[in-house]
Every structure is written in C-alpha cells, then in structure tokens.
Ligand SMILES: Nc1ncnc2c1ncn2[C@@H]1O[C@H](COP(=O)(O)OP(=O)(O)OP(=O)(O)O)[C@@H](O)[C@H]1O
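Quick setup: one chain, the form predicted on its own, written in structure tokens, and binding and motion questions come after.
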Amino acid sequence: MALKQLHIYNVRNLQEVKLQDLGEINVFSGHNGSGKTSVLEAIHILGLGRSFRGSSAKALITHGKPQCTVFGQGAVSLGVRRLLTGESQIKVAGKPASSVTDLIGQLPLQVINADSFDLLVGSPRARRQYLDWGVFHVEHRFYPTWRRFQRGIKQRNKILRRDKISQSELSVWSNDLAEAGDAIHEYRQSYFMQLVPRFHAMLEALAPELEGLEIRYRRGWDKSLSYAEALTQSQKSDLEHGYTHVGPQRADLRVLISGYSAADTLSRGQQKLVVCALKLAQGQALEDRRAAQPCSYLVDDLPSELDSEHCRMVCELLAGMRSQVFITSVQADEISNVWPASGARPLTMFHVEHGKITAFTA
C-alpha cells in the first residue's frame, strides 16, 4: 500500500506534522537532529506498531506528552497510538485491529539504516528476523506454524527445568515441536532458494567486484537428521541445562566471501552495498509475487558510507521497483543529483527543520 497522507503527532520532536501529498519517491533533507529519521520512525510505527530505535515508549513520545499517534492513508487507513504505559492502540480501516499482524500485512516495510549492518556483524537473531520477514510475506502458513513452535519450545523448556521429568509429557511436546520445527525449516529453505538468485543479481549491479560472495542458510541442527532425531540426540544435554539446544531458534544465514566471514573481510562501504543487496532482493522477491503487497523502503542517510557513484547505483535499483520509497539525507542534492533522470519516477522533496516539514521543488 502506497501512503498518500501521513499525520504524525508527538513522535520525538515531531509534535504535529501533516503530509498530504506523498509521492512514490520521497526525500527528506535537513541537518542532523532536525527530525528526518523520526519521519521514517513514524512510518515504521504505522507498519509494525513499534519503532526501529528501541521499544521504550517514553523515549519515543514527545517529552511532556501522554501519547503519540501516527495516521496514514492509502488504499485503506491505518492508525497507531502508543501510550506512555507501553500500551498500543491499532486501527485498520477505522476498526480496531486484533493484532499487529494486521498492520504488517497492510504495509510491509524494509529498513536500510545503521542498524542494518547487523545482518553482517550482528547476532544470528538479526539474520533470522530478516529471513522470517520474507517467509512471513510469501508463505501464509508460516506465522501460525511459528506461533505453534514458540508455544511448544516454551512448554518443552518448562518441563526440562523441572526437578522431576515426566517422559511421556516431554515426548508429547517434543513431537509437536519437531513437527512445527520441520515445517518452519521447509518454509525458510523454500524462501531462501527464491532469495539467492535475486540477491546475486542485486549484488552484481551494486558491487560486481564481490563476485565471490555467497550466503548460506543453516537450519539450526545437523542437516543429516530430521528435527525429531536431533531432539532425541540432544535430550541428555537439554535435560542437564534446562533448555532446548537445537532447532529453528538456532538458524542463521552466513555471509561469506571466498570462504571467510564478510563481516571480517569487507570495508564499511562494501558491507553497506551487501546490506542494500539483501534488502532489495527481499523487495524484489515480494514484487515477483503478483498477488502480494509490494513493500515500502525506509532508507536513512543513504549517502553515509557510500560515494556518489554507489549512491547512484542504489537509486537506480530503487527507481526500477514498484516500491514506495522514503529517503533521508543532509543535503537534498545528495539524492537528486544521483537519481536517474530519464524514465524514472520523480522525486517528492521535503525539508525538515526543528520538527517542521515543508515541501519544495528541487
């Protein structure tokens, strides 16, 4: 869903912002601390019910205010209110939403910012979240199976921590966990096979010199075993330590170049190009499913770590997609000078200063 209007109330220094004529490609420029990133943060709240800068409502809401609200209008209306208590109120098409998944389905988002480097240098959790974002949007059976797995592993771990273990009860939860875990792996594996060629195409366009780079999917247990067999083999260790050692909760994506960790080998600029390729590949995978909702991109400070030529390459790929894009930079011409001039979607420009936003023509 492309946003046409965006209203923001009391998100950090954005006390009252009304953007009525959003375009397909929106550029927000201004000095550091002006509120540019807070605009992207507000859109993220609208799409996922939370900020990408942490979960603290107190830090998110304008000082002295009891709540913040973000409203967006596209094909349907979306609204999210966060209270200082941490409570959230969500509406989709004017009606209260049953869960945040209703938002995620309406406004799929991809974020490219400083935290995106965690895909290379962060913990496996960041890479699992990246992988599961794609699986969630292309496989409708994934989310209920994932919830079933989360319930199962919680119960199994609870049993493992007891002084007296009921083997029959443990077997029941192990069997249920094994079934859900195998299904999660199959969904992830199928999506990963779709993702890889798109990633390599994006990387070839952005950094052809990194032709030896590859991504590998690790399921979280010995690939020669079913998940049920892996649980059986690890049961002794699980009992000793009180938690389940193997499974989809241990899955990871490894990013390697010539067999070495890309995080340890690549420069910061090269890492950003790899991250951009990973994110753009997910957007492309979603676009290729005609019935799917294209994602929107939130790109914070694109010129950071990239020279103008590589910024141009990223912009060319973004211009060629169906996605709505929101980009921030300190200077507007850092984007307008590298955005494709012919046959590309035009830029809608905004200047941000002290929490106030004005549209202008480049």
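The first residue of the shown sequence is 1; numbering continues from there. Nothing here was measured: the structure is a model prediction, and the numbers come from that model.
One more form of this protein, predicted in complex with the named molecule, exists but is not displayed; see below.
Contact with the named molecule in the predicted bound form, defined as any heavy atom within 4.5 Å, is confined among 42 to 50, 26 to 34, 332 to 340, 310 to 318 to 26 to 34.
Although the partner is absent here, Thr348 lies well away from the named molecule in the predicted bound form, with no heavy atom inside 4.5 Å.
In the predicted bound form, Gln293 stays away from the named molecule, with no heavy atom inside 4.5 Å. Residue contact check for Leu60: one or more of its heavy atoms lie within 4.5 Å of the named molecule in the predicted bound form. The closest non-hydrogen atom of Ser38 lies within 4.5 Å of the named molecule in the predicted bound form. Along 6 to 22, residues Arg12, Asn13 each place a heavy atom within 4.5 Å of the named molecule in the predicted bound form.
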